[in-house]
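Shown next as structure tokens: one chain only, the form predicted on its own.
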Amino acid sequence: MVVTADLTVDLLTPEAVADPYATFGRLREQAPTVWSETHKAWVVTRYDGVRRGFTDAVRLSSDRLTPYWRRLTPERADKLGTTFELLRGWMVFHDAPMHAALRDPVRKAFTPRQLDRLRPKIETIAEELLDGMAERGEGDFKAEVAFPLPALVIAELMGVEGSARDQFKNWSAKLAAIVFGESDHPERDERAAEGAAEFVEYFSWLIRRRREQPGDDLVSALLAAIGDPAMAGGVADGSAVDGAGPLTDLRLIGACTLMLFAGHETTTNLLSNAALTLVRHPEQARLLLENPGLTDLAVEELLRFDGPVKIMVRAVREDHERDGVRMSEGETVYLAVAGAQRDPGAWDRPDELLLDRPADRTRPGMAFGQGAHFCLGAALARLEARIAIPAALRRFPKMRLLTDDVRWEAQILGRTMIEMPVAVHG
């Protein structure tokens, strides 16, 4: 049975932003899928429903850019034209065959060898950032550790140098209004357009440089993977990739932007949310500190308990029935990852943090999606977490919050802390 009457579904109330799990729990008890008049979207909250949603590429589409673009006024379309063309280079906004055309080169570039060579660098970066906090005795863990670590790692992986690394947050923040939720505010449109222009300018330069001087980095590997003739001394002709249309330079820049944006923003949330969770559960933090062999299981549990993503979006491709409701072509579907991760129908004691929770291959976590769109950066994010989280515990076993009011960004999709002020010496 589906209940929609007298049920207010607003995921941006202060209560829902602060504790989305209670909100999703309330919805989950009502029905597997509910309609939100506030967001004009179906909200799927149970594990099985979310998992089916991820793997149903026939009836659900990942392309939420096209319907968004069609709703723009001519004025907004003109202002955001470059922004949308850039985002069309993001595989996450495409279905087959374009999704495969954009994903395959990145998959070939994102090799285990690339990640293996990063481990010593990640360890060094983590220790240096923790050294800085140790010297000061207190600070914002998110700003001083969780943010810079993945930014520096993805910059290293992509061969980004110098001051451009310092611009990542600014550029990403300007795109966030489009990526994390629609906005018709003129100021935000302007910022998104500025961010897109800055990404295009920088990555156009970087791609030209890698064509002339290939290196041991992801951008060079990406160019080689798409068979860019310039990498072999020829001239790029914009030929089609896997029959899905040309991978134009702007879409190539979009692919680079996605690697930078996703490899940075999501991992920052993972690290900061994990640190907050451990500070709030000292007995579990002590368990991990005394049993480092639990690290892999612990990271999976931290992803489940309070991961970096609340919702992933799909669009209805064709009319069909799902979980007892009738969905119509063009409607929006919110796959509530955060709801699925706390579903008592899938997890024993779902609202408890158990860092030694046994792995269950039949019930994979949802933090990085499932199916064809499973996040290519999952292995890198896990590697950074497996290094940084135990390192922080070893250095700061008595780390404590300096506020009782942890604040969160009012976002539908991301679980993003604003700041995490802490003292690190007990």
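We number the residues from 1 along the sequence you see. Computed from a prediction, not measured in an experiment: that's the story for all the values here.
Separately, the form predicted in complex with a small molecule exists; it is not shown, and the next lines address it.
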Mind telling me which stretch in 369-377, 353-361, 25-33, 394-402 gets its heavy atoms within 4.5 Å of the small molecule in the predicted bound form? 369-377
Does residue 258 reach the small molecule in the predicted bound form, with heavy atoms at most 4.5 Å apart? yes
Close approach of residue 47 to the small molecule in the predicted bound form, 4.5 Å, heavy atom: no
Please determine whether residue 99 contacts the small molecule in the predicted bound form, using a 4.5 Å cut-off between heavy atoms. yes
Using a 4.5 Å heavy atom cut-off, state whether residue 174 contacts the small molecule in the predicted bound form. no
Which listed residue (105, 308, 148, 89) meets the criterion of a heavy atom within 4.5 Å of the small molecule in the predicted bound form? 308
Since exactly one of 226, 130, 278, 262 fits, which has a heavy atom within 4.5 Å of the small molecule in the predicted bound form? 262
Within 4.5 Å of the small molecule in the predicted bound form, all of 54, 64 and 270 (non-hydrogen atom): yes
